[in-house]
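First, one chain by itself in structure tokens, the form predicted alone.
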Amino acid sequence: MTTGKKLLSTYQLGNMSLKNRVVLAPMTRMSADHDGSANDRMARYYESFAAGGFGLIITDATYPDEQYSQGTLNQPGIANEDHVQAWKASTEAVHAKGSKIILQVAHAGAVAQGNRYLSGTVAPSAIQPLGADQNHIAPKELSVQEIKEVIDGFVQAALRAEQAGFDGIELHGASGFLLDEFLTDYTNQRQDEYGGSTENRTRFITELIEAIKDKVGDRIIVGIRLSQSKINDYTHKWANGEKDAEIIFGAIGKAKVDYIHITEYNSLLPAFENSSSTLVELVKKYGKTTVIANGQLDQPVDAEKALEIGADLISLGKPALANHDWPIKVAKGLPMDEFTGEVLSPLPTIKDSELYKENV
């Protein structure tokens, strides 16, 4: 088994010093209160990973506003002052264990399944998501003015995240959520400056990053998670292959994002047919920023390979659920438990077994 020497080395991400390069990936656990407030159960869940040695924790996808952004019921929010206060238990618990914590901020867009504020949803174009039945109401196409309002909602969410004690935010630009819908050719059929060419379809994301950075400066980290695949289109690939990667990663890098968190089914495999490059390598080549790799990095030897090909950090989802102490096991050379899926059944809500327990 690998020694995990680089995995366990420190890393400086902007103004944030990480004790190692192992990150808890964002997951959907639907365990907030009905009003979107994070709770003590969530705080003890995140604390468990911090106690287990994860250098950086990225939270569940969290909605930014009281409009159309919420994606599921019992999803956490960062949309008001009550949400700010509720999150402080989580940020304080993680910091007390010597780890850092970033809030993932997400607008569900067309794939929203539950919203306590408004009925219906919005998207770049009035197109039903793949897999929706014929009775599914198509999202409303955002006007340019409404796009500016969505951007402002993210900006305000970033400021609230800072008030709640988070070390940064991660924009959810993956999996078919709103940001990814702008990026994707078949979900974005707009004829204005936000649609058409890959450059235009990337514009919403770059304007969003720039608007947030303009308000928070270097006080907190601003990253983004990207993927080709979607929750309703698992095999999707960018139509123009590496050329699209060059445009997308290049534009996002120029917007001064602090990191790009790239997720693939297997992050060690080539990103496109007739290509030998992984997305990790392409992010590093064109984005010129910190890269977090996610996908099939369950074992330390594979995680080390991701670092060798250009990743600066690696993130774990299911392997972390099976091993809340994954970094400690790496340090001690202990075997990893296999993920069985039990904690995600019958619903993905946080289970008692996942909560931090003192002196256990």
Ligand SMILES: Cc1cc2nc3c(=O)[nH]c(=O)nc-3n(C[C@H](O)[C@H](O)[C@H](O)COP(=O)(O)O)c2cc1C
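Note that the structure is a prediction, hence the values are computed from the model and not measured. Counting begins at 1, following the sequence as shown.
Below, we refer to the form predicted together with the named molecule, which is not included among the displayed structures.
Stretch 293 to 301 is the answer when you ask which of 325 to 333, 49 to 57, 36 to 44, 293 to 301 has residues with heavy atoms within 4.5 Å of the named molecule in the model of the complex.
By the 4.5 Å heavy atom rule, the three marked residues M16, T289 and L313 all fail to count as contacting the named molecule in the model of the complex. Checked against the named molecule in the model of the complex, the residues T202, T121, T263, T187 give one hit for a heavy atom within 4.5 Å, which is T263. Contact with the named molecule in the model of the complex, defined as a heavy atom within 4.5 Å, holds for exactly one of T278, S125, Q104, T91, namely Q104. When contacts are judged by a 4.5 Å heavy atom cut-off, A61 counts as touching the named molecule in the model of the complex. Among heavy atoms of A25, some come within 4.5 Å of the named molecule in the model of the complex. The named molecule is not drawn, but in the model of the complex it has a heavy atom within 4.5 Å of K318. Contacts to the named molecule in the model of the complex (heavy atom within 4.5 Å) from stretch 85 to 101: none.
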